[in-house]
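For reference, the chain that follows is the form predicted on its own, supplied as structure tokens.
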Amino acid sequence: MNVNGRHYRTIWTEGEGEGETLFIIDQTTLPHEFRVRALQSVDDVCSAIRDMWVRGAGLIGATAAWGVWIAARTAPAGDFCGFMTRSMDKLRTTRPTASNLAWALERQKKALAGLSGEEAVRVARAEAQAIADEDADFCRRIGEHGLSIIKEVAERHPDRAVNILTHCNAGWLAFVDYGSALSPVYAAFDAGIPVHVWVDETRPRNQGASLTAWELSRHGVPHDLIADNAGGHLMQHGMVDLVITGADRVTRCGDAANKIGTYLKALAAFDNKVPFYVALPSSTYDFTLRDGVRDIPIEERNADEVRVVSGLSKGGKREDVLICPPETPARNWAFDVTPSRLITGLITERGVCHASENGILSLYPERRNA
């Protein structure tokens, strides 16, 4: 995506050799400030993931992969294996729900087996770059496959824009580039298809309001910000043609974990016969799980994310504001699980499939015995 006349990925390196440095876009300062951060240690990478300077399934995985490269660069010569093991364990525990993080660490672990020193650094860098490039390519292909769905709706309604509702941020900022749920939207917009996006605010961290709206505005895509609970009303009145969300983990049977509130959108879509799609790259699948509601771990985050909101004051100063009585406690589950029966289809880099074990395995037959 272009920002201020420059094309950015969400994570990249600059420089060469020992001076090569890893950079990210700090998403906690958007939409009011575009800030780039350098990550120079494993602790920096852990903070970036845990404190949500980076977020989104694909980007979390890519960041963890680059974190392994940083670990290899900074490992003490006399304790390489021990340091790498401890570093990967620290990275693995930063966020529990998204499967991409563990997937990326396992790829690095296999690539580095038996290696140390400069050879390990070289291999870790190559694998991190491969994971990042693959993530961007898969998301681009998700856009191509999702474009056909939007085209079909547009052909049925040639007199108006296609109205798409999304929840949270599953765009360019959630991956290395392009995004998952927003990739078809960008592909359709770039192809000249009139589209309009209903952007859920996405409490409690407001990623829809701060990130999705920012992305869409930079790309010029027509959109409106709505309260989280407005989606059902819009569907009842025929104002939503389809829902597309991302996912943080999808089971082999098609249950999908995504930002809290996604399940309610799926229920409303099902009741109003609105197609509900989940867009994801293959790195988001967890083929070891069958029952998402029972088995997917759901992260519970700091209660202050619910109790406090952040924004710009009238004077243009960023401020945090308490929105409840000081003594009121809060609970903050970050994700919920949408059962496969409520999902119309999964949009992946290999195509669109039914949200079922047979549907998924039709695209990924090599994972049948996983």
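A residue's number is simply how far along the shown sequence it sits, counting from 1. Because the structure is a prediction, the values reported are computed rather than measured.
Omitted here: the form predicted in complex with a small molecule. The next part is about that form.
Q: Might Phe175 be said to contact the small molecule in the predicted bound form, defining contact as any heavy atom within 4.5 Å?
A: Yes - in the predicted bound form, heavy atoms of Phe175 and the small molecule come within 4.5 Å of each other.
Q: Even though the small molecule is not shown here, does Ile60 get within 4.5 Å of it in the predicted bound form, heavy atoms only?
A: So Ile60 counts as contacting the small molecule.
Q: Please check if Ile142 has a heavy atom lying within 4.5 Å of any heavy atom of the small molecule in the predicted bound form.
A: Answer no; every heavy atom of Ile142 is more than 4.5 Å from the small molecule in the predicted bound form.
Q: Taking 4.5 angstroms as the cut-off for heavy atoms, does Gly67 touch the small molecule in the predicted bound form?
A: Output for Gly67 is no: heavy atoms all beyond 4.5 Å of the small molecule.
Q: Partner absent here, but in the predicted bound form, which of 340-348, 323-331, 306-314, 48-56 has residues with a heavy atom within 4.5 Å of the small molecule?
A: Of the options, only 48-56 has residues within 4.5 Å of the partner.
Q: If you check Gln108, Thr251, Gln207, Ser99 against the small molecule in the predicted bound form, which one has a heavy atom within 4.5 Å?
A: Partner contact (heavy atom, 4.5 Å) among the options: Gln207.
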